[in-house]
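Have a look below at one chain only, the form predicted alone, in structure tokens format.
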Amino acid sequence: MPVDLKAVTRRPPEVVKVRVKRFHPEKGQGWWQTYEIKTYRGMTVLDALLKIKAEVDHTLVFRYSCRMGVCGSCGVVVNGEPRLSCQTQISEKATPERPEVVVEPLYNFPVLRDLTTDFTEFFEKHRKVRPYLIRLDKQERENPALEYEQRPEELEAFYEYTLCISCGLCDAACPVYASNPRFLGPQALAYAYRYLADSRDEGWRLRLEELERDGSVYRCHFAASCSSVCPKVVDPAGAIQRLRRALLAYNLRLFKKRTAKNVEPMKVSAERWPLPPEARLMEGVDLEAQEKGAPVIPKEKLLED
């Protein structure tokens, strides 16, 4: 997703109209409501919504948590584009010629109230691809004593997809997800590839057979809108194409995958670096004792004035 890095340095219009699409579940009614707020440099869409809720209309409902683009909770549609409201500057969307920001709930998701959507089906599809490492040796799972060997190039093969925060923006932008309820969606399929490409995982046969039966991989029209809106620059569209290639190789009995071996844990062989001469330990701190076990901080130290 193109990011306007200079937007935070620009001052938005002094007064901006925030047009919000609202929905009341008990009445079954939807309507548009416009709020006028004073802005400041660095104000995000989430900041604007919080200002409206605190100062103008406390009945406005939306979802958020971390406010720093990590949790993925605050996904909404801003001026027709799925975005994280905490990452979207007012100055990106409002101009002096058109000082207005239009905010809607995510497309393709049932609306619970106002800007809050239901992710139940989203996570059901997420669970369907088995989004976890599968190892076939039960003894190894129950009583782990070794480590998995993984090379840097093997990590690189799937690392990009570990950045997914399950915000749902890709599914909201996907035209196939909107028209075909059986389609797993780009988020779930990207997670399927993330574990398929992980050399530590041995569940590739289960996933490929499930995806072959479900057929979701073949329903993608490769619009690539999912990749264009991802706030973490993950490429779900590319993952789906790689899944297609893996399924073709599997059906031709040509699919091969190196599985990570169990190896002994790494041992620290380097000598201890001494503390610099200017370093001073707090009174009562024993470094050797801390390395042998978890540090214990006396409560009275925390309560000192």
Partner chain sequence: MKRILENRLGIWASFKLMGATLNNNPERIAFILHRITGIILVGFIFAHIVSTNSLARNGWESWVAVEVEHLRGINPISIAFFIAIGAAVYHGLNGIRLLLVEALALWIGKPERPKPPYVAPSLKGFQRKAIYAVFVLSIIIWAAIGYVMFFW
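Since we're looking at a predicted model, the values are computed, not measured. Numbering follows the first chain given and starts at 1.
The discussion below concerns the form predicted together with the partner chain, not included here.
In summary, the region of this chain contacting the partner chain in the model of the complex, judged by heavy atoms within 4.5 Å and restricted to 175 to 183, 94 to 102, 137 to 145, 208 to 216, corresponds to 175 to 183.
Within this chain, residue 150 is remote from the site of the partner chain in the model of the complex, having no heavy atom within 4.5 Å. Proximity of residue 123 to the partner chain in the model of the complex falls outside the 4.5 Å heavy atom cutoff. Proximity of residue 237 to the partner chain in the model of the complex: non-hydrogen atoms within 4.5 Å are present. Among residues of the shown chain, residue 271 is not one whose heavy atoms approach the partner chain to within 4.5 Å in the model of the complex. Within 4.5 Å of the partner chain in the model of the complex, a heavy atom is found for every one of 82, 109 and 228.
Shown without its partner, this chain lists 33, 259, 262, 241 as candidates; in the model of the complex, only 241 has a non-hydrogen atom within 4.5 angstroms of the partner chain. Contact annotation for 207 to 229: residues with any non-hydrogen atom within 4.5 angstroms of the partner chain in the model of the complex are 220, 221, 222, 223, 224, 225, 227, 228, 229, listed in sequence order.
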